[in-house]
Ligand SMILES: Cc1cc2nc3c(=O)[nH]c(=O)nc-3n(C[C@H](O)[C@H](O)[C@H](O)COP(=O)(O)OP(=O)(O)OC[C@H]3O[C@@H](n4cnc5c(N)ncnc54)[C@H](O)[C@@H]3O)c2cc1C
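Form predicted on its own, single chain, as structure tokens, below.
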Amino acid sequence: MLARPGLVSFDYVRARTPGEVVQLLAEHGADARLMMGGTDLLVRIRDGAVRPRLVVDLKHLPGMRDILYQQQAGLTVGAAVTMNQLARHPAVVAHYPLLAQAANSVASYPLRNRATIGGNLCNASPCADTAPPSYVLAGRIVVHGSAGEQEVAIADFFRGPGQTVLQPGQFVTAIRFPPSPAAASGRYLKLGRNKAGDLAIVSVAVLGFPDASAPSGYRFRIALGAVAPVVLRVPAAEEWLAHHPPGAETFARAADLAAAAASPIDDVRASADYRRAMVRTLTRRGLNAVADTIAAPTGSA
């Protein structure tokens, strides 16, 4: 068995202000790497995939490890909040349980003590567990750079596997979620090769809520992970669900539309055909589970 490469030498800086990060990135360029939990970066350094001269630790910046909830404004999650923090925070569990479900599905308990939501999203992996729920919850990424702060909708953040809209010198400080629709219910379903600690082969996030303006009395949002270069919403299925009453036939057709929207690949973990079939199965399961817990539409008899 070949020995793994060791960690190369690098300088380490614990950044204290966003301005300090911007300055360090401007000075060091591609030789600098940003770190929050380090669960991905340190492995890549160990394996020789990257060789930074400087690692800038972001998790001590103001607000990076905070979770703030206000009824009118919604939820703000610091980018360095760990998965275990997210999965157990009372406001997240009470008002955004879909996000808590996804965070709790990441890897193993010890790894969730280090892995962060910001790192999970910034890696831009198609199988990132927090991406589909963030999509259906209308999350917005807070980006800081030399020009100050801006927000980017999660739908516009990913550009491809490992690629985001982040420009050199920019970094993520938080993710913001608006208040969830009244009486909403969500379900995150993930298929891996084992029950614990595996990356998603397929993942599906479903959010449903009463809406008297929809012909069916309900709206659903569906996002798919690990079956395309980026996380997918499924507008055709969502439109179908808005116009047809909840039930087995409606959900089966919506699941077919979700499977048709997927563009999975064959790899060592699963075939494209299997992934597409599992999109259909998980979407149907998610819709059934959500429908069982949604309250009656507003204004209904």
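For clarity, every value in this text was computed on a predicted model and none was experimentally measured. One rule holds for the numbers: they count along the sequence shown, beginning at 1.
Omitted here: the form predicted together with the ligand. The next part is about that form.
- Proximity of L34, V106 and D198 to the ligand in the model of the complex is complete: all three residues have a non-hydrogen atom within 4.5 angstroms.
- At a distance threshold of 4.5 angstroms between non-hydrogen atoms, G38 is in contact with the ligand in the model of the complex.
- At a distance threshold of 4.5 angstroms between non-hydrogen atoms, R114 is in contact with the ligand in the model of the complex.
- Using a 4.5 angstroms limit between non-hydrogen atoms, N123 touches the ligand in the model of the complex.
- At the 4.5 Å threshold, heavy atoms of F171 reach the ligand in the model of the complex.
- Put simply, of V43, A252, L54, A260 only one has a heavy atom within 4.5 Å of the ligand in the model of the complex, and it is V43.
- M83 is the sole member of L99, M83, V231, V202 with a non-hydrogen atom lying within 4.5 angstroms of the ligand in the model of the complex.
- In summary, the region of this chain contacting the ligand in the model of the complex, judged by heavy atoms within 4.5 Å and restricted to 217-225, 126-134, 178-186, 87-95, corresponds to 126-134.
- Contacts to the ligand in the model of the complex (heavy atom within 4.5 Å) from stretch 216-243: none.
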